Structure formats: structure tokens, C-alpha cells
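Heads up, the chain below is alone and in the form predicted on its own; it's given as C-alpha cells.
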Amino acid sequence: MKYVIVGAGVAGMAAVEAIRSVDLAGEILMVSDDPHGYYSRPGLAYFLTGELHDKALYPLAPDPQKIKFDHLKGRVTRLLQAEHALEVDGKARLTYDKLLIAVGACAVSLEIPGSKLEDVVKLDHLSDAKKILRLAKRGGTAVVVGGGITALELVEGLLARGMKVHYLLRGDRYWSNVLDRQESHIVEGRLQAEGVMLHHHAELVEITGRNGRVNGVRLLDGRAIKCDLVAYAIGIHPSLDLAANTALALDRGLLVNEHLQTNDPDIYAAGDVAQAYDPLSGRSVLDSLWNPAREQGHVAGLNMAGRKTAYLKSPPFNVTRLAGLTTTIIGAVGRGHDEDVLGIARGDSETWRDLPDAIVAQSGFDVNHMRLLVGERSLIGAILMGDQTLSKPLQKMISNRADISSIRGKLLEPDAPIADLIADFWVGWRKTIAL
């Protein structure tokens, strides 16, 4: 059996390990054109701030000598579906018995006058991060555009490099489709305390330049801001070029069933490019988080090697940092829709937008905030900002749909001590699970 995996990200690597755990003799070939190989995309934010050296971005990857797989550097330019073959760099030809497409997603491009100038940057790959570090000059001025996690990572990275930062938000607050008003204001207050200049209802219409270099931006309302660099993060979209001119079923991503299999039984997809069927909700959804990509790659690899396994989507669990504040987002917590964040690199999940009726919130200081979303019998989602003591218990409770009927009424009472109620419930509930 010959397995070919296109893409060297976490989904592809997980598939390699899964295949080899079942099939000790089959030939495994990974093909990728990323010059940096397998590295941690979520770690790019910390590389920008200087907290991580680039060598620290490389997690422990499968050892080709031990797991026995080959890695070919090159770009797959064409899928010849009927012939079970691929073209690499427009000429070399590879055949496969089972194929995994794990090519990820790419940043949505900024398409306005001036967007092709040298000092206009995004944060999609390690190459982008290195370019940003080369262009970020201490004492210079940057403008950042975008409404989600990646935009905030750009703000914090440029601040850490000594730049003055203007942050443009199209709406009236930060990340309004996930955070509530109080949470947005916590983040914005911390940014302003660091010297970030926030601009609400700000839509960028032109980047101006001189001699090929950025010297300012112009907004829809006529405002102009002088700057030396423009960074943007306005969403991502699955990389579907390989599926063009094939019979593979597409929606917003490559449509796959619960076994991560496309409508071609010999072709699978996993990670950001896959729109995976979730049997629990009955819908096909896109995810752009690290853990789901790893889980999907693992399940796809098992199925490719003949071990039939269903991918059961877990509630989203994302630990991130917002304006220096550790924040955990579990399950469904968002509301509404914002064009800036149709897809948030390394931090979006559509299930965040499916909400129950009851929302409970508790907050103390701006670094100790918790919000729960309560369904009829179970918790649907949670956000914790600052103190993370309850993050793992809440993840377990939400994932396992713990029956909270005994405390639901108390949770919904005005000024309820929800952290104490959850902690007490957790102590008793985990004992029943253990039994």
C-alpha cells in the first residue's frame, strides 16, 4: 500500500503516526513545499514578541528513521484523480493508493490600493513572521487591521518590538462575535494601558506609499494616519487549489464524512482544509484550531490504513492570550457576526456561534473573569480570563455534557457565586465519573 500525504502540518504528521501504528510495511510519502517544514503555527505569536526563539517553534515530530516515511519537498500542482496520481512542481509524477490532503488554510488577502507595497504584512507562515521582524523598526508606527486573535497577536508583537501601534476595528468593540461587551472592554483597556491607539468603526480604504514603501493609510471616513508598516489579519480560507478541476465535493472546504473521507473513497482530507461532518450536530463544519487538526489527521490516518474510526468533534477548547491575559474558550460562547473574523487563524470554530438562551457571568478584577453558557441540563460553553483554575474541570463537564440540573437554578440567580458552585459540583461529579 502506498500512502501519500500532501502537507507537513500537524494533521499530516498525526496521519503519518496513525498509519504506521496500523500498517508497518506500507510506503508513506509526505509532500510539502513549506521551506520551514513542521513547526508550531500557534507559537508564531510568541516568536513575534521575542518570547520564543525560532528553534523553539519546532515540536517533537515523527522521526522518519523510526517511523519509516519519506519527505519530498515540492509543490503538488495537480491532482489526477482518475489516475491516482499527483504532479509535483508541474512535472514529477507520483502515484498513490490512499491520499490525504492536509494543506491547511491561507490568509485572506487585503485587496485595496497600496496593499502590495513592501511594508504590508500578514501572519500566515514562519516566513511572514520573519519578514515582520525585519521590517518592524523601533520607534516606527504600525497600523493593524482585523478583528480576531491573529490581529491581536500582530498588535502585541509590534508593540514588543518598540513600535507605536494604531489598531483599526470595523465595529464598536473587539472580537464581538465571541466576546461579550465586558470581555471586549477588558481586552481594549489593557491594550490602551500599553499605549495602543484604538480606532472603532474604522474601515481601511487605501494604503499610501512613496518609492514602494508605506507612508500612511486612509480610512473611509476621510481620516489619515501616518505609518511605516501595515499588518492585517482579516480571516482565512481553506487552500482548495488542489481540488480545482476534480470531482471532489466542495463547499467552503473539502467535504468529508465522519471517517475524514471525501466523495472519492481513496482520498481523505484533514485539518483546516477539511469541512468535516459532525455526527452529533448533523452538520459539516470548518475548524482552524491546532487540536482538531491533530485529531482529524490521526483519525484519517487510521481509516486510510483500514482501521475504521469515526471522528467525533469535541467541543472547541482554545487557550490563547488576549492583551497579555490568559483566556480559555470552551464550547459555544459567541454571538453575532463580524466580517473581520469570518475565519480566525488558529482560533475559530463555528460552533461558538450556536448559543443557548441563558448566559451567566461573573467577574472580579479584569484578570479574573468567567462566563458560562447554560443549556437546559448542561453547560454549553465557557470563557475564563485570568484565573484558569476551573478551565480543565469546565472542559470535562462541557465535553461530557454533565447534568447540572441540581445547580442550574442557583447558577441563574442574580449575583450567584458561580465559580464556587462549579467547583463544588466538580468535586462530586468527577467522583461519579471515576466510579
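Start at 1 with the first residue shown and count on from there. Being a predicted model, the structure only gives us computed values, none of them experimental.
What comes next is about the form predicted together with a small molecule, which does not appear here.
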Exercise. If you check in the model of the complex, is E27 within 4.5 Å of the small molecule, heavy atoms only?
Worked result: no
Exercise. Can V144 be called a contact residue for the small molecule in the model of the complex at 4.5 Å between heavy atoms?
Worked result: no
Exercise. Would L289 count as a contact of the small molecule in the model of the complex, using a 4.5 angstroms cut-off between non-hydrogen atoms?
Worked result: yes
Exercise. Is S391 close to the small molecule in the model of the complex, meaning a heavy atom pair under 4.5 Å apart or at it?
Worked result: no
Problem set entry | Listed range touching the small molecule, judged in the model of the complex by heavy atoms within 4.5 Å, from 269 to 277, 90 to 98, 244 to 252, 298 to 306 | 269 to 277
Exercise. Taking the small molecule in the model of the complex as the reference, which of A293, L152, L260, L158 has a non-hydrogen atom within 4.5 Å?
Worked result: A293
Exercise. Taking A8, R75 and A105 as a possible spot, do all three reach the small molecule in the model of the complex with a heavy atom inside 4.5 Å?
Worked result: yes
